[in-house]
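Presented below, as structure tokens, is a lone chain in the form predicted alone.
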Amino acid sequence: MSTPQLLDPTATRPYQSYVYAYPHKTTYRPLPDRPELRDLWAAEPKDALSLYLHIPFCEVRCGFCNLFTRIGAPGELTTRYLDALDRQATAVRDALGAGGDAGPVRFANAAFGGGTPTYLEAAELERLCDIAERRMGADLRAIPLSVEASPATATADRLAVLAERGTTRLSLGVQSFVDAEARAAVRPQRRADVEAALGRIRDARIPVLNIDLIYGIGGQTEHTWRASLDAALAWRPEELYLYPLYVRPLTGLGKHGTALTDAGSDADWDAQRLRLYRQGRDHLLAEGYVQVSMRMFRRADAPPQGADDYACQTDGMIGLGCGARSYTSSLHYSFDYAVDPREIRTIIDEYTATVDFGRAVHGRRVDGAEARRRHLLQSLLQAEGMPPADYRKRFDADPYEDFPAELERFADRGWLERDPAAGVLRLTAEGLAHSDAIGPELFSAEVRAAMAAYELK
């Protein structure tokens, strides 16, 4: 057992934690009242929901990975998992009802993540799409659908299924085009295989290709980082995500104490990652990409991908499967979370044996104060920033009244600026570079305490 790293609310180290959701999953606890989903969603707006289906299987577990996934699926495990996913989808759709007083049920976007959804065979991917469409009522051909894949599983037959069923975005985890760096990150792959997978994806004519790359790997230099960037750019991907490497508890690299960098101290490693980030950012901007967040870069002429009527700050999410989270306005809920392979196997086995999916069993209540933090955090970490008018409209308060110390501190560091002409509060270029420090600084004391008390399995 291991506790997560404590976050210093006033630290200026640039790499504290990647914040993609708030409150953090390690704050979730068993819900003693086990509320019925029907009651949770009764009064919630349901006309612009996000749908997420989680497939917790991979052919190999990368050394840096702390996602909820296991290596392989022996026997009929994928079948049993899809059977459980089908049961859960049936129960959740029944709980959502026809919308009632809160309006009709409609999904604005959908995503298959993991793990590696394309670990499933082509026929199983057909079934996965059927669950989303026939059980949940999501029209996959009419809304944005994003699917994650790995080079080894991006086969022609799987890609054909995804393209035919309406996939608009395919995200390929490459991490590095340099074979030695891939091995250093415990991601055994050959560049030739990566290039072949990219060719198959382009042949499938899925509108948006995203390529994930990682900087800060042991042995990586400005020269090899540029080589990976240029190798990715040769495919003209509509999106590129640049991720800093983290070493987290219970991951392969974390458990073995593997040295990931030649930089020396933590401060030296921070400096190296910042240097590589800036190099990557500047190179992509010069190549015609637009920065959407610290990690995300989108080609200026790429087709639109997001749903115009969905806002992550306010609209709900339905997550199906182990590792998936669901959000209402007052409760975030999921199944249990783990990183250790044995614990993950146990949770998956319990999930596949579950019959009653009509209640929320694990989660965290979100009160008004936490909703304000979540809105500010999720807005500020986007390059376009946050219109204070939107915040005032939702909460009848000014963000500077609610978060004076934090916003003043960010501004004093040169991380935050007001743009009166555009009517937004946004991070500066340097602020975006420090997103992984800004996000954790906005966590409440209660969330910090819950994270510190959590025992990571």
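One rule holds for the numbers: they count along the sequence shown, beginning at 1. In this text, all values refer to a predicted model and were calculated from it rather than measured experimentally.
What follows is about the form predicted in complex with a small molecule, which we do not show.
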Position in contact with the small molecule when the complex is considered in the predicted complex, options 379, 168, 175, 352, heavy atoms within 4.5 Å: 175
Contact assignment for the small molecule in the predicted complex, among 363, 237, 321, 114, heavy atom within 4.5 Å: 114
Candidate stretches 199-207, 76-84, 115-123, 296-304, one within 4.5 Å of the small molecule in the predicted complex by heavy atom: 115-123
Triplet 195, 229 and 289 all within 4.5 Å of the small molecule in the predicted complex via a heavy atom: no
Non-hydrogen atom contact residue 89 with the small molecule in the predicted complex at 4.5 angstroms: no
Contact label in the predicted complex: residue 214 to the small molecule, heavy atom within 4.5 Å: yes
Any non-hydrogen atom of residue 149 within 4.5 angstroms of the small molecule in the predicted complex: yes
In the predicted complex, residue 432 touching the small molecule (heavy atom, 4.5 Å): no
